[in-house]
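Presented as structure tokens, the chain that follows is alone, the form predicted on its own.
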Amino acid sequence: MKIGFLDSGLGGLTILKEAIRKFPNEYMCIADIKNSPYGLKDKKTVNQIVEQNVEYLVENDCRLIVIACNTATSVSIEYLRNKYQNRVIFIGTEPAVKPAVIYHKDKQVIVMATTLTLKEEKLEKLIDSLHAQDKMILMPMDALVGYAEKEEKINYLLAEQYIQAKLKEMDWKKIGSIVLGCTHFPIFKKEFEQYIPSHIEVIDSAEGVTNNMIRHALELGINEKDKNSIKIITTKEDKHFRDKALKILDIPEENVTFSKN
């Protein structure tokens, strides 16, 4: 059995990086760059795209699949769990709002995500369950996905300028943390940290998702391997994707194979 990963592009690799560091194994990752970004599409379209990609992973013997995309998790995770009940375990990715609220009880939390994630009922229910409605500042940051995906190289400069513009009016005395609620956003973690005070914690979901993945893998009998074997499948040709992916994963090129579906 392989461990599957799905994202609309490079973002899921921020979680895959944590997974291969903690739990060497055989991984198959779909980077759906043909349909990126998911966050500006309607729910019906996202569901159709996600279902098609998941079916490919299932056909290739993935019985544990990480939906390494906040938007896809928000829109599709319950449908997938019902459709593949007792056949596939799905690990979702959602904004790490709970630890942010717990650790910064008297402060506000900025939740940055795609437009669709911020509108979804799943996030609203999570915030309601924490009785944290008055503490949340919801901030769409869709452009960051494009700065990662759409150019020859990851555009750190434009991302930095965009982050600075979005945060320039913030009253930092009231803020405790920033939640990066899209798996693309940690690509620009250094750019975030340049423009926020040192007492503000920047939180993403990679560690929590990975720990959850490992727990389910062991329950399925998928044990840690001696080394990683990683296959990344893209859904269209992109001659620049390979270099960007290797930069994010920060591993030797010989440990990764790339192909197009």
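Numbering starts at 1 and runs along the sequence shown. In this text the structure is predicted, and so the values were computed from the model without any measurement.
The form predicted together with D-glutamic acid exists for this protein as well; it is not shown, and the discussion that follows is about that form.
### Task
Select, from the options 232-240, 217-225, 53-61, 36-44, the stretch whose residues sit within 4.5 angstroms of D-glutamic acid in the model of the complex by heavy atom distance.
It is 36-44 that comes within 4.5 Å of the partner.
### Message
Please determine whether V145 contacts D-glutamic acid in the model of the complex, using a 4.5 Å cut-off between heavy atoms.
### Response
Yes, V145 is a contact residue.
### Message
C69 versus D-glutamic acid, in the model of the complex: is there a non-hydrogen atom within 4.5 Å?
### Response
Looking in the model of the complex, residue contacts with D-glutamic acid include C69, since a heavy atom lies within 4.5 Å.
### Task
Could you run down 98-126 and flag each residue that has a heavy atom within 4.5 Å of D-glutamic acid in the model of the complex?
T114, T117, in sequence order.
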